[in-house]
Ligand code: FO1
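Next up: a single chain in structure tokens, the form predicted on its own.
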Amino acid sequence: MSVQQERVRDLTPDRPTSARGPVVYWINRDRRTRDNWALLYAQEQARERGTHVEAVFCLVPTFLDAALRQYDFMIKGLEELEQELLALNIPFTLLLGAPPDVLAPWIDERRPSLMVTDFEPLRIKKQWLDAVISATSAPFHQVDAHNVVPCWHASPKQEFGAYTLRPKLKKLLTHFLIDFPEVAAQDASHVEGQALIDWSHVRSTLRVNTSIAPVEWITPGQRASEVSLKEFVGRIETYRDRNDPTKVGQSRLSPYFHFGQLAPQRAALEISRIGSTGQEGDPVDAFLEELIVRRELSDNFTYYNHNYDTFEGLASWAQSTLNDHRNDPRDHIYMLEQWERATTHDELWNAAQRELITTGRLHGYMRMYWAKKLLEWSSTPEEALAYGIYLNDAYALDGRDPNGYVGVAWSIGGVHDRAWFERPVYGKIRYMNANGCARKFDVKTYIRTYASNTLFP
């Protein structure tokens, strides 16, 4: 089965492909061998050219606000990826440094017939890609191996919200929500004599905050992600409790999606096989809405909105109402250190921050409350956005992700939401308070669960 052409974009249509040289898969967002349309496409192109596939990944020593916690998870996944690729006789090269600095000269030396890379909407990744293309003469194709419906095919513009993107996705799901073929093993001669990567040396090159330590509740890697998906499929009924942070109702698959160790399309296929009852609140329907519509809406926003992480990226109505209330008095104003150390007057907010600090995750319902209080008790909406993005990126395993940027922007800046009743500080941004949380779940139990943290005394 051929990879659907709608998944593929020719980024350099003016560059002719050469029959010589390998097809190189520049691994970026999707770091797995199974269920990977980009790798499958690279193999398909290699067969047509009578050549083989090689893989390369660029590891930068620091990335946004990622700490040791996130790098440890990623590197352990890459260690497994190396073994998976070698088992398929696919050579794997790890380059240390930013792609424009290390990948461009490597491409010139390797002289590939085609470069294939996967799709990521974040600004820095797009800048890297543009810089590498500009610095080399190799032809580049890009494959959206992350979204069920390719981002650029689902919509050519930034969507207003889920209600505008949902019908477009549903119309295309029958075409795109298909199973994956298997990756074929290559001739063993392609990996003969290839040295294994010195992962201890790789770790020594990192320049990250080591005080934010790895977490133990989740095991990194493709194999572990598949086990976790199977476990979630078996308890899909618990998804009815997804808005209760005192219960294990959410899938907890987000880190695997973020680090490209599990294909969202694989999760969609496995959950879809359970079948929906068609009743209101059905957990299968609810999960697929979050997995496909909401997650791909986040990719849409960050891809088409260059200012996705700033005040300027908010809708005009949101900017206007926040500007109208910019000088409203705040009951409390906290600085970053107080937020980070969870030392506000609000024990519920402190508990949410401690959950983030100690586990590397923040329950989806509490993330809304957490971010809205940043708006309420920061000096400016710009400051609130910056604090929310920093805290999420530094502590959450799945930070530095379209879902994270949109989650913060939804709470603070009304992204994908509508105007509500006007009130101080918030303006027409949707309001949320502790009393509302208390009506949803046992707040006291949640606070007790995260009564202290191990990072800050």
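Since we're looking at a predicted model, the values are computed, not measured. A residue's number is simply how far along the shown sequence it sits, counting from 1.
Not pictured, yet referred to below: the form predicted together with the named molecule.
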property: Contact label in the predicted complex: Leu40 to the named molecule, heavy atom within 4.5 Å; result: no
property: Exercise: Leu122 in contact with the named molecule in the predicted complex, heavy atom 4.5 Å; result: yes
property: Contact of Phe63 with the named molecule in the predicted complex (heavy atom, 4.5 Å); result: yes
property: Contact test in the predicted complex: Pro402 vs the named molecule, heavy atoms, 4.5 Å; result: yes
property: Answer range among 409-417, 66-74, 422-430, 41-49 for contact with the named molecule, defined in the predicted complex as heavy atoms within 4.5 Å; result: 66-74
property: Position in contact with the named molecule when the complex is considered in the predicted complex, options Lys372, His363, Arg354, His258, heavy atoms within 4.5 Å; result: His258
property: Neighbours of the named molecule in the predicted complex among 24-62 [non-hydrogen atom within 4.5 angstroms]; result: Asn28, Arg29, Arg31, Phe57, Cys58, Leu59, Val60
